[in-house]
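This document starts with one chain, in the form predicted alone, laid out as structure tokens.
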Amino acid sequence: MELDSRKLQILRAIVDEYILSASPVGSKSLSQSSDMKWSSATIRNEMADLEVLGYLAQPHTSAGRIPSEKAYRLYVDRMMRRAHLSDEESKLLMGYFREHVNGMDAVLRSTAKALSEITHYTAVVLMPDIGVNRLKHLQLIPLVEGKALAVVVTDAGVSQNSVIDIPFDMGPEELDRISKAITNRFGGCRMSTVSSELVRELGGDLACRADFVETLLTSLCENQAKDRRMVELSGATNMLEFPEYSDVNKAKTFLATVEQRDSMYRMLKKASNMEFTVTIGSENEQEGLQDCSVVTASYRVNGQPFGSFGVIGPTRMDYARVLSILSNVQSNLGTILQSYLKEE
């Protein structure tokens, strides 16, 4: 038994209708569609064949059919019609970015909020690796003997405070002198390029403290990279509005899963190297997402991958619309972030 053009057309119509209604689709309702040129009996026979092939399921004996994960995968890969955003939707998305341009973090938080509100799904955004940001200012502030507070500010509006170990003979004046020397020498450099080789070449105020400066900068990069393993989450409770999540236990499992930022980080980090990904149901590695679909897109600046973002929704999500929204955001996000990260 093969998937001929008639079966494909009927299957696509079933998926389209189920995405909108969340109710099993019957042959009678399909036959009344203007796109269908076959009788209800013919459609019913084809639906029976599609069920045998694993593309449809019948939740109740007297009910219509619903698509399987196999059907959604075929739909996304071969049958989905490309959607186009309305002018109103495009303006709405751009409005979020125009109102939040006070640094990279603000833009990415706004991206998560915009995605959750316009799709009505749960949105996740992976913040960029701190190594791609440029050092703007470093200040070392003495605390107690042997300890200082390192305040780092980058060009992307990202700041971090870390408590560091310092030599016991290092006083406030020397800390201030080293702060100014590091800022003057490495200001404008990406954190990832502040390497030990560069430190060893330093003279002047940093020459006698080269080992300390090398340890300091290495520690700051490692600490910031760890701290930046963060995911911005928006609209987690949006999923509770869908009938698929009316079951309390199922809803709790979903909410617990998306609140596990480490697992969300791993998922988005993996997606950062791919332009778009669509994972459906059991294709998701996280058990709590195996009743969901996840669609992601990566964002880039100067052709370099910075991170990824996406939405999580029920398996009957409107894939065509979601992909169009993510494509729109991907394009605009790269342009906006370019204003914060200039070419070397």
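Bear in mind the structure is a predicted one, so any value in this text is a computation, not a measurement. A residue's number is simply how far along the shown sequence it sits, counting from 1.
One more form of this protein exists, namely the form predicted together with the DNA; it is left out here, but the text below deals with it.
Look at 64-72, 310-318, 292-300, 273-281: in the predicted bound form, residues with non-hydrogen atoms within 4.5 angstroms of the DNA sit in 64-72. For the candidate spot formed by L326, N328 and T335, no residue has a non-hydrogen atom within 4.5 angstroms of the DNA in the predicted bound form. When the DNA is considered in the predicted bound form, L53 lies well away from it, no heavy atom lying within 4.5 Å. When the DNA is considered in the predicted bound form, R6 lines it closely, a heavy atom lying within 4.5 Å. In the predicted bound form, no heavy atom of Q286 sits within 4.5 Å of the DNA. The closest non-hydrogen atom of S33 lies beyond 4.5 Å of the DNA in the predicted bound form. Scanning 167-189 for heavy atoms within 4.5 Å of the DNA in the predicted bound form gives no residues at all.
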